[in-house]
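Next comes just one chain, in structure tokens: the form predicted on its own.
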């Protein structure tokens, strides 16, 4: 059969990294990325891009750990290369602090990040309202640079990218053999996934170059994540809230909370407010599906629903999605060779 045509729908970190993994593992494929929005207008551009995993209740821990490890290893290699500054990938050290000692003092990812250890009494003096903490070094992906770097890599391999709103996966059936759905919160409407819901996140991007260490409250709501040029401070986790407009009261609340963790942020300049909708569900939807309509079949691979943890597992889930695309190609080739008989 001719080179299989694959459409990846969605151009956030999940869509672009999935397209790249497909190109790397199926070089005979013709891959196209279709998206209503590209960077800097994706949900991924709002995210801080920190590699600190979010736990998916419906996904086995060993699977989540594998996704995280593959992502960390991939990004660590980039951070250690001449590409690091263009790709926006850098190591950052800091602290996760708790008002009460957590039940799980060693999270499943503690041996993947670098130098994970309990904080000393002296370190904890920086955080008088907290009684327990963990210190470690992890990676951060700055966006838009990382998304632009992925786009550049894709274009260099001949991948086409088009701005296009896909309202129904079937509209792609005459042009493509396989469709990969990486639409994030868009899948709620596109494929009618009622298990998918938004978790609204409002963050501030500020200029405070003297803050070098990340600080994350163990509740996951208040955090300070230094990037190469700006610091992302947050945040909120508002389930089922679809509102993309910044709320001024929330902005003040975020700023006050972050200043209580890091008082020097009082001097932060050039504050920009961003809002994104995390595409959340009990587990990432990472599976093959065959859609049928009037005897016609459409092969689909879904890779969405990463919630707050997309950056932490993006490369691992992209590799798995690419493996599922290979399975689809094998099924197509089997069908076409049987047809020749």
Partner chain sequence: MRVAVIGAGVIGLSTALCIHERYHGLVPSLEVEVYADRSTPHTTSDGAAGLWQPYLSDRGNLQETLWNKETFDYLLGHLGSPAAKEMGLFLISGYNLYAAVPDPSWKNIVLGFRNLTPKELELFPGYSYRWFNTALMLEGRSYLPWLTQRLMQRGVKFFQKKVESFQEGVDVVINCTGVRAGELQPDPELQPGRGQVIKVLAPWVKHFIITHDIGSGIYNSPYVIPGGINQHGNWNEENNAQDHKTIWENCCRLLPTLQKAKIVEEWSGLRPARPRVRLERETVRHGQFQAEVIHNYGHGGFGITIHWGCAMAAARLLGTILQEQPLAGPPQPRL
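Everything numeric in this text was worked out from a predicted model, so none of it was measured. Positions refer to the first chain, counted from 1.
Same protein, other form: the form predicted together with its partner chain, not shown, and the subject of what follows.
Trainee: If contact means a heavy atom within 4.5 Å, which one of 177-185, 98-106, 161-169, 83-91 is the stretch that engages its partner chain in the predicted complex?
Mentor: Of the stretches listed, the one contacting the partner is 83-91.
Trainee: Give a yes or no for residue 221: in the predicted complex, does one of its heavy atoms lie within 4.5 Å of a heavy atom belonging to its partner chain?
Mentor: Looking in the predicted complex, residue contacts with its partner chain do not include residue 221, since no heavy atom lies within 4.5 Å.
Trainee: Quick one: does residue 251 come within 4.5 Å of its partner chain in the predicted complex, counting heavy atoms only?
Mentor: No, residue 251 sits far enough from its partner chain in the predicted complex that none of its heavy atoms falls within 4.5 Å.
Trainee: Using heavy atoms and a 4.5 Å limit, would one call residue 206 a contact residue for its partner chain in the predicted complex?
Mentor: No, no contact at 4.5 Å.
Trainee: Though only this chain appears here, would residue 113 touch its partner chain in the predicted complex if you measure heavy atom gaps against 4.5 Å?
Mentor: Residue 113: contacts its partner chain in the predicted complex.
Trainee: Of 240, 256, 123, 270, which one comes within 4.5 Å of its partner chain in the predicted complex, counting heavy atoms only?
Mentor: Among 240, 256, 123, 270, a heavy atom within 4.5 Å of its partner chain in the predicted complex occurs only for 123.
Trainee: Exactly one of 226, 198, 133, 235 has a non-hydrogen atom within 4.5 Å of its partner chain in the predicted complex; which residue is it?
Mentor: Looking at 226, 198, 133, 235 one by one, just 226 meets the 4.5 Å heavy-atom criterion.
Trainee: What residues, if any, in 128-145 have a non-hydrogen atom within 4.5 angstroms of its partner chain in the predicted complex?
Mentor: Counting only heavy atoms within 4.5 Å of its partner chain in the predicted complex, the single contacting residue of 128-145 is 137.
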